[in-house]
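In the block that follows, a single chain appears as structure tokens, in the form predicted on its own.
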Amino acid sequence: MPQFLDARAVPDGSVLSPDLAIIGGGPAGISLALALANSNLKILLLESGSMHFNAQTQNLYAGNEVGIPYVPLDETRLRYLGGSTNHWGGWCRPLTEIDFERRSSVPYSGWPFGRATLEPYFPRAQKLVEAGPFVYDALADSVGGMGPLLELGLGGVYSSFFQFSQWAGNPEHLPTHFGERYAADLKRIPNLDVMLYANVTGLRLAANAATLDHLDIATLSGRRFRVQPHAAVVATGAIESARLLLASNDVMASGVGNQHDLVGRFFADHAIPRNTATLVIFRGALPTYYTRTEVLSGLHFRATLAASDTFKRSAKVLGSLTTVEQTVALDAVGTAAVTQTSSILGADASGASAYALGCGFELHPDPNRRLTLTSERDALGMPRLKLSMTISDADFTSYERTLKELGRQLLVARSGMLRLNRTTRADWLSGLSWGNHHMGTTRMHVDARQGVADANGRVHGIANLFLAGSGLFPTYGASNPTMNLVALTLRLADHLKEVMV
């Protein structure tokens, strides 16, 4: 079987001329290469790392953060083949219709197309991430034998489901690591070369800034050469894609695609606060599929409490996915509250159980949550990044509103009650962690004044440069991005077949 190429063996000054260069070997880059297999395009996939973690390569990701606490930039992603699928948890769920909509209550919201545009690509993306059949909310009709759904009154929160990536044939039930899982498939593609240790350090435009002329490539061993493709796709993740565009400022002084100062802005992640509330169920314990991953007919899944699209529209709240975590013991005040409330409702709470709730929730798009270049340089001479991280009180208030709706529905059903554990900004920040779901820095929009790329991922104003990945997301939803960005990338593959083959 053919082997991957090694950029450290390419002579200095060489010029390689594929039809298409794919920059980045994470889930987007690998999905794109697989989707273009056996096309008439000669493709070169350029990956900075190798097949395994290397500390020197990983250090290229180091940067600085200001604002609210966030994960160090070199700890929140991985720089070798497979990208961040080398450490992801495998959580999958499609974006919903409202996630694509323009909402007057959410400034800067709206994708350039609706969910129906991605619908044909979800099953294909589901297959690549190996998350089983595309079922999700329909699981509600199948889990009854494992215990009933949480009883809720009519309202805005309902039991939805995550499905989990399961690397085929892996006895440890690990999620699919794209680099290892698809390495053999990539090697078998006749029109594809994969080059490891190849760092793209510049997107070099023609003098008129209307087309990409070539890519500058460097290795940590000191090699320097060029790739001169007919077209290129930047698929290096929301953080690194923004850095590469900003740092390529020899022709466009503000950076490639940054004529309206949008590259690096609108960075987003899913906020994951812990112990947001205490859920009390009056009648016994919840089914285990709420508190851990379960298996049904080979499908790995877990229930979550989701805000419905109807509620999000009417209450003007953002997306959230609440998870039921560990059981907890009620204190004296909690016990008294349960006794009094259940008595008023006429419910039997003698077998009550209590759980801590966790959550992942969506942030409002914020142009001031952004990545910028610093004067510090990495080992390749690339400027390092600074992340200015923000979270607004409106982000917390939105989720608090959803929790209150969940509490109301429990009382209506006389099935339980909810106690909010975080009410002030300081409370929320003290229990906050992050999903490492990077989105939004190269957002799509039909108008170049409001987005970096168009509806097909093409950088506005540059005929042959495209972007792939969740950096394109204008708004973010609450669902984990990997399966969704793969679906978006498969759509890009179809577009490239139309315009290039």
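We number the residues from 1 along the sequence you see. The structure displayed is predicted, hence computed values, not measured ones.
Here the subject shifts to the form predicted in complex with a small molecule, a form of this protein not shown in this document.
Residue 83 is the only one of 416, 264, 257, 83 with a heavy atom lying within 4.5 Å of the small molecule in the model of the complex.
Within this chain, residue 23 lines the site of the small molecule in the model of the complex, having a heavy atom no more than 4.5 Å away.
For residue 441, no non-hydrogen atom is located within 4.5 Å of the small molecule in the model of the complex, even though that partner is not displayed. Remark: residue 88 counts among the residues lining the small molecule in the model of the complex, judged by a heavy atom distance of 4.5 Å or less. Shown alone here, residue 402 lies farther than 4.5 Å from the small molecule in the model of the complex, counting heavy atoms only. Candidate site formed by 28, 78 and 199: every one of these residues places a non-hydrogen atom within 4.5 angstroms of the small molecule in the model of the complex. With the partner omitted here, the stretch from 135-143, 70-78, 348-356, 207-215 that lies within 4.5 Å of the small molecule by heavy atoms in the model of the complex is 70-78.
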